[in-house]
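Just one chain is shown here, as structure tokens, and it is the form predicted on its own.
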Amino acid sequence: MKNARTPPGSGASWLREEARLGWALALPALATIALVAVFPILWTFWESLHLHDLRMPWLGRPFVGAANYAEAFGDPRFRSALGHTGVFMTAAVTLELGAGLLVALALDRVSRGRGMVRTAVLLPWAIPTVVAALIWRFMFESPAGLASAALVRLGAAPPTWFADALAAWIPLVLADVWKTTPFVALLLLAGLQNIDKALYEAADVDGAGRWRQFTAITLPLLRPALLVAFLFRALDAFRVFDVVYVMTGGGPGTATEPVALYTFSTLLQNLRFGFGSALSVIVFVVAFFFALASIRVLGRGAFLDGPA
């Protein structure tokens, strides 16, 4: 007598039917991903292997192989743009993680009006990036701006922010930190609320102070959320474009030009599609391998496990 739960036909044929059904259901999603993600990447890579310059259309689109990539790695402006991106990413992400942790700790202790307080904290994140960049540009642009006026009140001579190669980084980093710290705080707050409060009660019984509880309980158990926040923000900071484009345009000169802005100017202003595509592929590869390395770190048990 056959088992009532056995599907009709042999077990192998039933598994094949299930596999075909699974592929049939997944194919529309896979086709969409291929259309909107994989195809543009492959097309950009193919374009990067050609000399395609719209300023000189009579040259056509001859195949040049890796010549565009060789030019990119030999281009001092591209190397400078990579350095600027690294400086911005390091400064912004460090400040955002520190400020986001402080905000998350404060929000976790709020009892009255918790919803209103959290909404107020998240407002900068809800403001469009271009609007936020314009606000910060107005604050630093003129001698009557808030930043310059505050320095004058303190007896210091304010610099010409956007004409100085070093000073121009200050409003850029501050604008990004102000805009995205609420996002980091939201991620860290979710991590804080997953920590069992009984651990703090036990630590109080053992006589551990606030700082000891923070270093022995909060930080180790918050490590996964910190690493996720770091990954999201580092990838966003590496691709930074809109804040810099609105506030400094990469200036003075190219002193604050990140790699995304250099790629944009190469493609859409200088119309060098082949060389610009090579820059785009390099940026994609660097971001991709950075994400893979970060995911491997996130997946290690030593980082995801709590304190022993």
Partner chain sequence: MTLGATARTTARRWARPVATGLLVAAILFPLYWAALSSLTPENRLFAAPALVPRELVLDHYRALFRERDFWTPVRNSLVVAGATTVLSVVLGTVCAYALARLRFRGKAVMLAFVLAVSMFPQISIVSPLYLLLRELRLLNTYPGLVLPYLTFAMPLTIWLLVGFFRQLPAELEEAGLMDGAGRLQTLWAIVLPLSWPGIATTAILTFLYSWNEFLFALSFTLGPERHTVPVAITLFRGQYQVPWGQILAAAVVATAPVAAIVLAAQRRIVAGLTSGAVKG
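Rigid core here is just the name for the largest C-alpha set that superposes within 1.5 Å across the two forms. No experiment lies behind these values; they were computed from the predicted model shown. Residue numbers count along the first chain shown, from 1.
Unshown form predicted in complex with its partner chain; subsequent notes refer to it.
- Heavy atoms within 4.5 Å of its partner chain in the model of the complex are found in exactly one of 100-108, 212-220, 196-204, 84-92, that being 100-108.
- Using a 4.5 angstroms limit between non-hydrogen atoms, residue 32 touches its partner chain in the model of the complex.
- Among residues of the shown chain, residue 65 is not one whose heavy atoms approach its partner chain to within 4.5 Å in the model of the complex.
- Interface residue remark: residue 69 is not counted as part of the site for its partner chain in the model of the complex, having no heavy atom within 4.5 Å.
- With a 4.5 Å cutoff on heavy atoms, residue 125 counts as touching its partner chain in the model of the complex.
- Contact annotation for 247-267: residues with any non-hydrogen atom within 4.5 angstroms of its partner chain in the model of the complex are 260, 263, 264, 267, listed in sequence order.
- When the rigid core is held fixed, the Cα atom of residue 292 travels 2 angstroms or more between the shown form and the other one.
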